[in-house]
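The chain below stands alone and is given in structure tokens; this is the form predicted alone.
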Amino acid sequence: MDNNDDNINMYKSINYNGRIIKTTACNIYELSDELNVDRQNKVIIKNGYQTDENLKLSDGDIVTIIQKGVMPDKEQLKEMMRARHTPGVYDAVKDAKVAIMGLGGLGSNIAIMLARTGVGHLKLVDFDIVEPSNLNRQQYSIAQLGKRKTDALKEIINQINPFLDIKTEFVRVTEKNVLSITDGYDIVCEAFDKPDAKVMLTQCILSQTDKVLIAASGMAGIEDSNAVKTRKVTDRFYVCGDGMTEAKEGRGLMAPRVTICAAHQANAVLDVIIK
């Protein structure tokens, strides 16, 4: 009886590639040997951390071993994304619904970052097409010139994660249609270029819905990167940017600062979803 109890106590319960297994392995290498997994040409992830080290295993650890260069199926891809994130993040975001209003420098970057994080339901809204001046800061390519931004961005996201629920709407957002466009989406990202459009969206979302709005103000030029911040105005309203440096003659919109601001907005989305 005592020997059986000792044997039971030797086992650890770990999540391996999305399923719970019992193992006596004390480290990554022992686990791979126990499972007859060749470590060559593999990516090994433990609790969200990619490693080549022979890390110690503890009860409750999450371990994923991925074959390099192989397209996984839907469930495998979910597990791989879950494994590479901070533990718990993927499970929190996979059912989230986010509408992105405007698919330029801010919106195209926000959408791709959220897709990479595994946000399960995205709505992409814009009325414009891809044109050459977009290429200095937006996530489009020369091959997509002339395409609707909604279609082009969905195309890009499908190359990253084809299993997300992506809805598009090729339309100019107005006071008359904003509520119907955002219906069913809990978080709205404001990613417009025009100040009047920003004001309209902010007023409509905050006064007529209970949605969370994440807006942007001030990200032009090559000013201090650290001046771009996320400010929580209320529980339902966040503003990202430096609040001052708008685009004007002599100060254009450029990829580095625009992308920094977009990253603040995407990170604010995750913060809202998880907390």
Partner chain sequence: MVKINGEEENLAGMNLAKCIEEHGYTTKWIVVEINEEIIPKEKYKDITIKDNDVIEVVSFVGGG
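Predicted model only: the values in this text are computed from it and were never measured. Positions refer to the first chain, counted from 1.
This next part talks about the form predicted in complex with its partner chain, which is not shown.
Engineer: Among L35, A247, A227, L55, which has at least one heavy atom within 4.5 Å of its partner chain in the predicted bound form?
Structural biologist: Selected residue: A247.
Engineer: Just give me the single entry in N177, T202, T168, Q76 that has a non-hydrogen atom within 4.5 angstroms of its partner chain in the predicted bound form.
Structural biologist: None of the other options qualify; the answer is T202.
Engineer: Want to guess which of 39-47, 58-66, 24-32, 217-225 is within 4.5 Å of its partner chain in the predicted bound form, heavy atoms only?
Structural biologist: Among the candidates, contact is made by 217-225.
Engineer: Are L114, D183 and K211 jointly within 4.5 Å of its partner chain in the predicted bound form, each by at least one heavy atom?
Structural biologist: No, the whole trio is out of contact, none within 4.5 Å by any heavy atom.
Engineer: Residue-level contact is defined here as any heavy atom of the residue lying within 4.5 Å of its partner chain in the predicted bound form; does R137 satisfy this criterion?
Structural biologist: R137: yes, in contact with its partner chain in the predicted bound form.
Engineer: Under a 4.5 Å heavy atom criterion, is V233 part of the interface with its partner chain in the predicted bound form?
Structural biologist: Result yes; V233 sits at the interface with its partner chain in the predicted bound form.
Engineer: According to a 4.5 angstroms non-hydrogen atom cut-off, is G146 in contact with its partner chain in the predicted bound form?
Structural biologist: Output for G146 is no: heavy atoms all beyond 4.5 Å of its partner chain.
Engineer: Is I110 near its partner chain? Define near as a heavy atom within 4.5 Å, in the predicted bound form.
Structural biologist: Close contact is absent here: in the predicted bound form, I110 is far from its partner chain, nothing within 4.5 Å, heavy atoms only.
Engineer: If you look in the predicted bound form, which residues in 167-204 sit within 4.5 Å of its partner chain (heavy atoms)?
Structural biologist: The stretch touches the partner through E190, F192, D193, P195, D196, K198, V199, T202, Q203.
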